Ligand SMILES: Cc1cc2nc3c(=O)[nH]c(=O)nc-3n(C[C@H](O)[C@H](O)[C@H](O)COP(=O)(O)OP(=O)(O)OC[C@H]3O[C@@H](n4cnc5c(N)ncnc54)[C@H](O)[C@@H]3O)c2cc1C
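Just one chain follows, in the form predicted on its own, and it is written as structure tokens.
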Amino acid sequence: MLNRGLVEGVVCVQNTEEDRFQPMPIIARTPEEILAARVNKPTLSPNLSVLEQVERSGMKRLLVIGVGCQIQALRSVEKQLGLEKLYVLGTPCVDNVTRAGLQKFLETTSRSPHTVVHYEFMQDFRVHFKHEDGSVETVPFFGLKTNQLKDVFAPSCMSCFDYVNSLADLVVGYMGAPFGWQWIVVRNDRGQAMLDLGMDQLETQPVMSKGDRHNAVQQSIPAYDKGITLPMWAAKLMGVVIDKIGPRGLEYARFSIDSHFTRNYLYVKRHHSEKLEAHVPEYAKRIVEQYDLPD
């Protein structure tokens, strides 16, 4: 889009020179600046802090890449930015942390926390860590030290019900795809136009869905609530079993959404009960009603 002149700048996130995981939002004006933003920075990032620069620059055509909370805020001020065209490329998102929270996660989970250059919670029910030497370490979800990690997630993430980034034009992530593939959601004509630009470079397959998420979600509720951590041998065994017979494709996406919505509903109910009814969207309430929740 930048090369073709469709936009004059792209809001994306590089990292600081001092810290590979410290986010640094920028307005990229060259392909090189965009490519320098590769690799996720799974920490809270003030992406919209650059909007003041957009206003001062006189820029009229902009692409913004962001997660749900950032895009919600962007849409609320969109009309004040003076743009002729705004394109929004989103990713699904859940459980961001502060930089200190990220360090605690790495130190309690990875065998070599200081050499991790990238990690992701993947749809094979494992966390994949990539290290500086190119090696990949995997840790099953069920082996995470939940009892030590319950407090690292940002309160904003614990009360979020927009995992799927519903206000973006085009969303790219892995949550509704088989392992090794990405999942693309086109929400409107602008999103379709964005996708069409690169469609000839993509290999595609039909969306698939297998398994039943409900039992896995129901089991995850008390496991997280009570901070249960399995021995690693049991966690690995459970990971193998669920990977073979558990939810996949769209059903994995539903598992991820349902498990986080039930967790977040409980968080809001316990910490902000006076706001529960107004804060939780109707679609989230319908999802949560499918499950038995503790008080």
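Sequential numbering from 1, following the sequence displayed. These numbers come from a predicted model, not from an experiment.
Not pictured, yet referred to below: the form predicted in complex with the named molecule.
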item	value
Candidate spot 13, 96 and 163, all three touching the named molecule in the predicted bound form (heavy atom, 4.5 Å)	yes
Among the candidates 37, 242, 54, 235, the residue which, in the predicted bound form, approaches the named molecule to within 4.5 Å (heavy atoms)	37
Contact residue in the predicted bound form, from 27, 257, 65, 62 (heavy atom within 4.5 Å of the named molecule)	65
4.5 Å heavy atom contact, residue 175 to the named molecule in the predicted bound form	yes
4.5 Å heavy atom contact, residue 143 to the named molecule in the predicted bound form	no
The named molecule contact at residue 229 in the predicted bound form, heavy atom, 4.5 Å	no
Partner contact for residue 120 in the predicted bound form: the named molecule, 4.5 angstroms, heavy atom	yes
One stretch from 175 to 183, 197 to 205, 212 to 220, 73 to 81 that, in the predicted bound form, holds residues within 4.5 Å of the named molecule by heavy atom	175 to 183
Stretch 34 to 63: residues contacting the named molecule in the predicted bound form, 4.5 Å heavy atom cut-off	37, 38, 39, 40, 41, 42, 43, 45, 47
